[in-house]
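Shown next as structure tokens: one chain only, the form predicted alone.
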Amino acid sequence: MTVLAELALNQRLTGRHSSKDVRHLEFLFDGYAQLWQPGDGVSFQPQNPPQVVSAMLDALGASGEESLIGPSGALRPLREILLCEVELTQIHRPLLVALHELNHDSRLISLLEDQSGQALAHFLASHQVLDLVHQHRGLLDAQGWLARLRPLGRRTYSLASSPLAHPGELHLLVARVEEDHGRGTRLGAASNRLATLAEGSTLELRLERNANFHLPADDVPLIMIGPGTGVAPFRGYVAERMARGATGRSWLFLGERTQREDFLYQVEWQKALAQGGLSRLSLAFSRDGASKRYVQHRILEQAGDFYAWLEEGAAIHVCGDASRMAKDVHAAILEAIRLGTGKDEDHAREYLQNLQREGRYRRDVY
């Protein structure tokens, strides 16, 4: 289901001295509340930031008015193709393979032959197409690059709202990607389009069902683990359960960099605690202490209580970064179970696999 939604609020949640720009967006739309639940998401078609497009044109030595063929197959100005049709802020392995086949670059060989995959993953995460154009200047003309770039795909964000608590609204939590890797500022296509969207603007959003990440029954205890913007669906969870008068206890593990600048939805969590919509809140602010502390450390510090909740029938939902957080949290949960049962790792692994089979351990990681 696609809806045309109007942006009513674009509010920065992080403080002025934060290293991150995280936004709370509220879109208005007509009806369809019955078609989605907390845990679902919305997707939209991004555009590449104009600054990125201009930098690409400079690197290609092009004006942008040249008529070329993009993924759509239509002949149109290069600037429009770079803006709307091709991925510029994300690169992928097939593009590196194509470049290697053209010039047998030793740097690419080492990345592509890395057995661990860690070097390649780091390269893909820290580079954009512009970096490759600079590194392989003159290897391809503009049409050659267009032929090897992926079409610009839709981006999906978890909803941070509840159809019961926020009727006629769709809320998003967006961390603006704006990083300097030593080669100039690199911007994210989706996050920058959303973060810079003016209030009163409209955007076409498509509701994306995520049935595997819906709330359990109202009487089931729920453990929610959502570092950073991974907390978005859990804001919807808590609001929905409060609106329904759910009786199941809830425990939220929330992680960010600093309490002063990055405590997302602080007032709302405190209000939910006071009103009984949230039973327990465990915080991990990684930059506030002498050593970095993350949500997985909080799980282990409270391993006994964590395991007790599981024995009482609690479900675990995890949302956020797949590359490191999800693995570290998974390991911490296993260790909490091992400590709780007093048995070995194999038993803890089997215990957690049983939770997965029962639908009590669910993850939405990206």
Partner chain sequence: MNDKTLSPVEGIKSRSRHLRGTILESLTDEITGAMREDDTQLIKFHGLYQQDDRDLRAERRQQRLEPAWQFMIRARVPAGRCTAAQWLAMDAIAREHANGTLRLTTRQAFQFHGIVKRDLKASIAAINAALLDTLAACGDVNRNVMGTTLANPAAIRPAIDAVCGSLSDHLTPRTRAYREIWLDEEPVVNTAEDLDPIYGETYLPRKFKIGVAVPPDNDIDVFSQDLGYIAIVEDGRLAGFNVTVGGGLGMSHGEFSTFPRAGDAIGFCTPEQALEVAVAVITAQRDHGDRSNRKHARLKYTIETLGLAAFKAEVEARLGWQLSPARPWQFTHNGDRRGWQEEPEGVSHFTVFLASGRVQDRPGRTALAGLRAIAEADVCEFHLTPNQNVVLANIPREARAKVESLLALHGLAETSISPVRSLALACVGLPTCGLAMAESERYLEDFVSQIEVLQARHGLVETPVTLRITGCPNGCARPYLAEIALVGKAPGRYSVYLGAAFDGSRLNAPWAESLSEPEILDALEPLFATYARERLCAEPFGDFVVRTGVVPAITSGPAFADTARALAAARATRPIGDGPAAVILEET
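Since this is a predicted model, take the numbers as computed values, not measurements. Residue numbers count along the first chain shown, from 1.
Another form exists, predicted together with the partner chain; not displayed. Remarks below refer to it.
Taking Q259, S110, N103, T202 one by one, only a single residue has any non-hydrogen atom within 4.5 Å of the partner chain in the predicted bound form, and it is Q259. Residue-level contacts in the predicted bound form: of A217, A121, L281, V97, one residue has a heavy atom within 4.5 Å of the partner chain, and it is L281. In summary, the region of this chain contacting the partner chain in the predicted bound form, judged by heavy atoms within 4.5 Å and restricted to 147-155, 75-83, 124-132, 283-291, corresponds to 283-291. The partner chain is not drawn, but in the predicted bound form it has a heavy atom within 4.5 Å of Q11. By the criterion of a heavy atom within 4.5 Å, L139 is excluded from the residues contacting the partner chain in the predicted bound form. A residue is said to contact a partner when one of its heavy atoms sits within 4.5 Å of a partner heavy atom; H24 meets this definition for the partner chain in the predicted bound form.
Residue contact with the partner chain in the predicted bound form: L273 places a heavy atom within 4.5 Å of it. Using a 4.5 Å cut-off on any heavy atom, none of the residues of 35-68 reaches the partner chain in the predicted bound form.
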